[in-house]
Ligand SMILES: Nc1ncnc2c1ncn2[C@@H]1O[C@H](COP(=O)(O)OP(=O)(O)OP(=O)(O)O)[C@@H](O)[C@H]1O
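Here we start with a single chain on its own, the form predicted on its own, put down as structure tokens.
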Amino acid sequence: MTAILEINDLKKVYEGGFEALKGVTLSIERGEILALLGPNGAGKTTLISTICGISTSSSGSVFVDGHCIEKDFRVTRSKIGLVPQEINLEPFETVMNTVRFSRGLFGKPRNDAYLEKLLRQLSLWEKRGNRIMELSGGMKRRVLIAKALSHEPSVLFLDEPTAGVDVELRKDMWNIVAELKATGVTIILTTHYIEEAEAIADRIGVISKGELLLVEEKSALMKRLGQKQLQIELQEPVTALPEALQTENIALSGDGSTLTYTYDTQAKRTGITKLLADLAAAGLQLRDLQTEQSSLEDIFVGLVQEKST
């Protein structure tokens, strides 16, 4: 695959010395979906604003499809679509006119056939004559996406696109993103919803305090950092762990009825066989066994906490 977005040692320092971005370096492949996770104030929106030319960087460089965002601003901006967090639309304008006007701002010739296809894809065609003020919050967010895609960009930024919408609409938005990817659009998504990243992203980036902690394929990240836990329910509760079981990987529940064994799925040996043998030797009888995989949320929280300490 070919990188469509190259970010090299990008820094943003405000007056007073606050570092919003601390040397971010990132390469994004053409046609992929990258989910950028991070807590409030992590630098997600600052990064997007800088790439889109809304904010200027203190140092570093950004190239979009081989063009520098500073030297070739008009070219790079025409290749980018941005869906902001805030819904800022002209309330008395119609859906079609709103999208048509957005296309014109980028100097694109009128193409109602393309706009019809776009509005149909976003389930907005039946609403094309409606004024923005007549739409629901979810429909307004769809209009924002239509505006961002009206000039046929190759890169789409979605900054918290499902913030404040219900679960059903959120899943609809995931389907829209998948359809856009199928047409070749590269998508960079910032989100607070871990399940959103798990559902649609090809790669996951974690940013905290202006620093990119990692960027990795979702499946590889889950495999590398994810841990499994074996929950062992005992026939009879115990007041303390037998000496043979007192390792850092085993925890006893407060009521003494359950043991939790954490193990690395990538290790050559999980240690489960030895654990079960030790349990039998200690005279402990089992009622039930079940395993649990660490979620992406567990991994994300752990990384951010590790960075903050």
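Start at 1 with the first residue shown and count on from there. All values derive from a computational prediction rather than experimental measurement.
Although it is not shown, the form predicted together with this ligand is what the next lines describe.
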query	finding
Option from 34 to 42, 275 to 283, 256 to 264, 58 to 66 whose residues, in the predicted complex, bring a heavy atom within 4.5 Å of this ligand	34 to 42
4.5 Å heavy atom contact, E198 to this ligand in the predicted complex	no
Residue contact check: A20 to this ligand in the predicted complex, 4.5 Å heavy atom	yes
E233: touches this ligand in the predicted complex, heavy atom cutoff 4.5 angstroms	no
Contact label in the predicted complex: E211 to this ligand, heavy atom within 4.5 Å	no
Listed residue (E216, D72, E160, E152) with a non-hydrogen atom within 4.5 angstroms of this ligand in the predicted complex	E160
Listed residue that, although this ligand is not shown, lies within 4.5 Å of it in the predicted complex (heavy atoms), from K181, K171, H192, K228	H192
Residues of 70 to 96 having any heavy atom within 4.5 Å of this ligand in the predicted complex, listed in sequence order	Q85
